[in-house]
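In structure tokens, one chain follows: the form predicted alone.
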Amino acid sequence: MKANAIKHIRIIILSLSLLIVSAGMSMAGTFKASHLYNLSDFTGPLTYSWGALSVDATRNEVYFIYQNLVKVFNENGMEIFQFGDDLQLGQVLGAAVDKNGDIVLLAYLEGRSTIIKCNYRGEPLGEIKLQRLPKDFADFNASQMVSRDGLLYLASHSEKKLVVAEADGTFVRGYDVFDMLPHMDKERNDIDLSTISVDQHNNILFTIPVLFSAFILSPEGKLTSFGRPGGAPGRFNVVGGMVSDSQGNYLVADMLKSAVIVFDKDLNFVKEFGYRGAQPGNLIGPRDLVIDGRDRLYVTQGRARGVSVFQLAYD
């Protein structure tokens, strides 16, 4: 009887395991990423390597920044305007659009980063200065900017610090990412932050490649991490940018794998897509990700592959 009981327990455990695996496979099947096109101008697809991206969700326009040049694309991925090539704005690091339709730029000018408000043509209207910074952030020098829900999210990759500010530059809150990380045998300069993004719950998302980890930082300052090194599906090699879609899935670029790795809202691995190759749906060295209000994913790449656009879908 004892042997039979053990046998029944093993059968139950096996059945539960199969159910869990089946559920995981079913979940993976609900997520699809279909390549749509690459961002293009009148000569054809862009042939830049990497660059910075941002999305104006209200107007469904995409901003691509390369050195001092800002290119604006419509919702069909075609360039409709560009500015910044006269160097008047300095080296442009990032772009956003405020609720009035004005363009807000983060630019490196005269030895420091500067936030510049421009009209829709990219002509400067004035500077937005950060105000009421606490002592620990007095010398904050931003290298990236994201705008969401009327707030500016600024990252200093050299300092490993983040600042959230009102549209007029008034300080709201700040985070010293290095001090928030668990104890480790690394110096501040050993840590590199990826580009940041902000999800629909105002969590700041980023990765740290040297730690093989992705991070979710809540507005309250709670830091959640996930990720493990390795070559198997769902493991990290050299990670880049990270975004969240409308379903709460997290998408992480892996430059070495040349793939985008997808996790669900509970941080369970779902699938990978892209992979190195010459076909339109392949990726080479994907680094930065942005996502628009229609769950279209924009991916910057190396080797002059420009920006690939994927439509995310859920069955």
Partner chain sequence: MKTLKLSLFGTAAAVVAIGLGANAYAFHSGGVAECDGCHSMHTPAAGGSFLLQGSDQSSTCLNCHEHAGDTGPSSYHISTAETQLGAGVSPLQRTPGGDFAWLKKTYSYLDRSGATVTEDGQVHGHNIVAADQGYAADSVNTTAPGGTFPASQLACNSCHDPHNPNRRGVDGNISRTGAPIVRSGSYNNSVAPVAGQAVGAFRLLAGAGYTKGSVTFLGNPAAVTPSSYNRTEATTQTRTAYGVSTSGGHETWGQWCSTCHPDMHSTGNYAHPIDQGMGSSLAANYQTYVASGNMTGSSATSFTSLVPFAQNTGDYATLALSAQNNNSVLTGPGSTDQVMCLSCHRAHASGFAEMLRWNNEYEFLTINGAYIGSDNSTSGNAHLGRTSAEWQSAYYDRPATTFATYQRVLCNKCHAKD
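Residue numbers count along the first chain shown, from 1. The shown structure was predicted, so the numbers you read here are calculated from the model rather than taken from an experiment.
Missing here is the form predicted together with the partner chain; even so, the following discussion is about that form.
Proximity of Asp168 to the partner chain in the model of the complex falls outside the 4.5 Å heavy atom cutoff. Lys71 falls outside the set of residues with a heavy atom inside 4.5 Å of the partner chain in the model of the complex. The partner chain is not drawn, but in the model of the complex it has a heavy atom within 4.5 Å of Asn237. Heavy atoms of Phe206 never reach within 4.5 Å of the partner chain in the model of the complex, leaving it off the interface. Remark: none of the three candidate residues (Thr58, Asp102 and Ile291) comes within 4.5 Å of the partner chain in the model of the complex, counting heavy atoms only. The partner is absent here, but in the model of the complex a heavy atom of Met180, alone among Leu125, Ile80, Met180, Val172, sits within 4.5 Å of the partner chain. For the residues Asp190, Asp136, Asp85, Asp98, the 4.5 Å heavy atom test against the partner chain in the model of the complex is passed only by Asp190. Looking at 145-153, 115-123, 128-136, 220-228, the stretch with residues near the partner chain in the model of the complex, meaning non-hydrogen atoms within 4.5 angstroms, turns out to be 220-228. Contact annotation for 237-272: residues with any non-hydrogen atom within 4.5 angstroms of the partner chain in the model of the complex are Asn237, Val238, Met255, Leu256, Lys257, Asp266, Leu267, listed in sequence order.
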